[in-house]
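Only one chain is given next, in structure tokens, and it is the form predicted on its own.
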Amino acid sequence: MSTAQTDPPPAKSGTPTWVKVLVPVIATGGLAVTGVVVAILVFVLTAWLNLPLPVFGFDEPPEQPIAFPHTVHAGTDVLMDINGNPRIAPDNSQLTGLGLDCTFCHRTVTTSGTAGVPPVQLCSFCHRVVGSEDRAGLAQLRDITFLEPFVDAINWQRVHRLPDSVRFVHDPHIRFLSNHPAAIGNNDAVTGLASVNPSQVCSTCHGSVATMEKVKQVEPLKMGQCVNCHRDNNAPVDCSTCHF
């Protein structure tokens, strides 16, 4: 009499549970890392070739120690209050910007390598008597001018910055563009004019500053932009022209 042979239990088949859990986690993590790396590369390349992407405050202008609204001083448009309503003068007329020429404050821009920043005395000359007493910035300015010993500088925060190896001399650029307005390119108001004043030249690199409540950089100011402008206007492009 033979005994029946008992078959061994069948082996378990299929993917282990831990593999099923781990693979999606790794895949998701890999996609996340890839996404972060791509985002960083896009930001770096954009900042290298042009202006940085407007994220994390990179497109915001720096906070200055005293608010200096160019819309009030250099602009000519109707001024608005913080609620977006036109500011009204004591005679019930709408207030507009003063339309000051850029060279009123930046006095060395046509004769020197730098545009020049006005001393405190120039600001206080007007604002000791001009402007309401309840404006914090003007009160701060008046306090500075009466301090002893006299403070002769305000620590303005720099807005436009070039590499340390680059030298940009303002006066030859101002002179050339004043006599060749067609080279400006981003100011329609000068189209067809034979010559313009220096204030109409500044927009080439600085944009329409007169319309900015806070000045910020709007042009990339990269090497390619400078070289292209030099080539278009038959200016030298050898390295020693701009680099130390």
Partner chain sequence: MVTQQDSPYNWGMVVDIDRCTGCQACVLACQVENNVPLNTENLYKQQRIYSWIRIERYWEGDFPDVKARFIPILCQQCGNAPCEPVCPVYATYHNNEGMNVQIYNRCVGTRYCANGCPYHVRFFNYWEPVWPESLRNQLNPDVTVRSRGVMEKCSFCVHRIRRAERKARGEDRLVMDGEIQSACSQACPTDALVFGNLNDLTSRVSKMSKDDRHYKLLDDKLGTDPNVVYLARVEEKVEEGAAAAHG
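Numbering follows the first chain given and starts at 1. All figures in this text were calculated on a predicted structure; none of them were measured in a lab.
A second form of this protein, the form predicted in complex with the partner chain, is not displayed here; the remarks below concern that form.
S.K.: Given that the partner chain is left out here, which of 121, 165, 157, 85 has a heavy atom within 4.5 Å of it in the predicted bound form?
M.R.: Residue within 4.5 Å of the partner: 165.
S.K.: Can you pick out, from 172, 131, 99, 116, the residue that has a heavy atom within 4.5 Å of the partner chain in the predicted bound form?
M.R.: That would be 172.
S.K.: In the predicted bound form, which of 61-69, 172-180, 212-220, 25-33 comes within 4.5 Å of the partner chain (heavy atoms)?
M.R.: Careful reading of the contacts points to 172-180.
S.K.: Even though the partner isn't displayed, in the predicted bound form is residue 234 close enough to the partner chain, meaning a heavy atom within 4.5 Å?
M.R.: Yes - in the predicted bound form, heavy atoms of residue 234 and the partner chain come within 4.5 Å of each other.
S.K.: Even though the chain is shown alone, can you say which residues of 206-244 have a heavy atom within 4.5 Å of the partner chain in the predicted bound form?
M.R.: Residues within 4.5 Å: 234, 235, 236, 237, 238, 239, 240, 241, 243, 244.
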